[in-house]
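The chain that follows stands alone, in the form predicted on its own, written as structure tokens.
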Amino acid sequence: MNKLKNILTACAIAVAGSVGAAGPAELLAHADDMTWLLPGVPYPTENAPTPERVELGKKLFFDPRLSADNSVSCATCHNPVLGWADGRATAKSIQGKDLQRASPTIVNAAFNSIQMWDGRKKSLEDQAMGPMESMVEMAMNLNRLFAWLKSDADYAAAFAAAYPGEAIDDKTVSKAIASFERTVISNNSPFDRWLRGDANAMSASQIRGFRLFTDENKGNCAVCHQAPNFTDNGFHNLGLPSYGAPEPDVGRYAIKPIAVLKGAFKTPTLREVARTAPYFHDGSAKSLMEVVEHYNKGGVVRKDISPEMRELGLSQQEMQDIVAFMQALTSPQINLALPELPY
């Protein structure tokens, strides 16, 4: 018995040493942590995914001819090599003008119960036409768009294969783009592998960061970035400096004028967050550390600030651990073949 105990102790020490200071018990995910494992990708029954629908959606997503001057596609603001965002503080319109808000990532948008920074769209299908319809984004004449798609033999055949018997219109364009967007999934990060039992998938710092992230008395991050997709699909005013401007962006309040929603924006997923700098709806934070530092001091502009915002009192090491954890939310890059567009 003593010999077996010694062997087990030696093994535990070896495992602990491979990941740093954390002991064996701290290396493993707990039963309660399993709520962070993502389920299967949801989809509406009227738009079940098929290879034909996904491929058509991918063509449309990458085709700049869906914009008024043929210069901007969905992928312009949602670039796969930039975490499906655009790397800018705020997005640009077809005229190259800076817009007011950052381009949010579409990673795991399939799991969202509401879409856009201000929640004005209910689903992926509902949001797909939004940029094309917007005069400050893609500014597309929809009658011209649908006439062109019908006249192009390749696109016409692709729509017929994807949605047989249905018209080429805003409904089928939206459904196709949404079908492609539902394939942009992050669920194989070091964090996911750790949850599935790989004790070495995350470093000791990253494991500590996760515990700080979920501890309501420390980071308290999970109060808004909830399991499993790191969002509560809710809206919060984070006390950003930009809200102190004379006429600030009021966010959700413009859609739903309730006092608690003044300056409130949708909680984004943190999946692939290390790829999507800069951060916040106004792109004001250049790094993940800047984000954590903002939360640590409880925000800047206190007017209308979310009740969840408070000073955290985190040490520099604790902030570094939380950043390390967020870096563990990056899955291997999707091996995406760009579509061959019809001409």
Partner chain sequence: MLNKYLAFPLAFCALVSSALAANHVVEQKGKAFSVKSLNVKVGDSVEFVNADPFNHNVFSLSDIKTFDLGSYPQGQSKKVVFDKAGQAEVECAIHPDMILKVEVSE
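Numbering follows the first chain given and starts at 1. Keep in mind the model is a prediction, meaning the values are calculated, not measured.
Another form exists, predicted in complex with the partner chain; not displayed. Remarks below refer to it.
A heavy atom within 4.5 Å of the partner chain in the predicted bound form is found for exactly one of 202, 109, 261, 178: 261.
Distance criterion of 4.5 Å from any heavy atom to the partner chain in the predicted bound form singles out 114 from the list 195, 168, 114, 145.
Although the partner chain is omitted here, in the predicted bound form none of 69, 141 and 152 has a heavy atom within 4.5 Å of it. The partner is not drawn, yet in the predicted bound form one stretch among 206-214, 95-103, 73-81, 234-242 has residues with heavy atoms inside 4.5 Å of the partner chain: 234-242. In the predicted bound form, the partner chain stays beyond 4.5 Å of every heavy atom belonging to residue 218. When contacts are judged by a 4.5 Å heavy atom cut-off, residue 307 counts as touching the partner chain in the predicted bound form. Interface residue remark: residue 226 is counted as part of the site for the partner chain in the predicted bound form, having a heavy atom within 4.5 Å.
In the predicted bound form, the partner chain sits beyond 4.5 Å of every heavy atom of residue 88.
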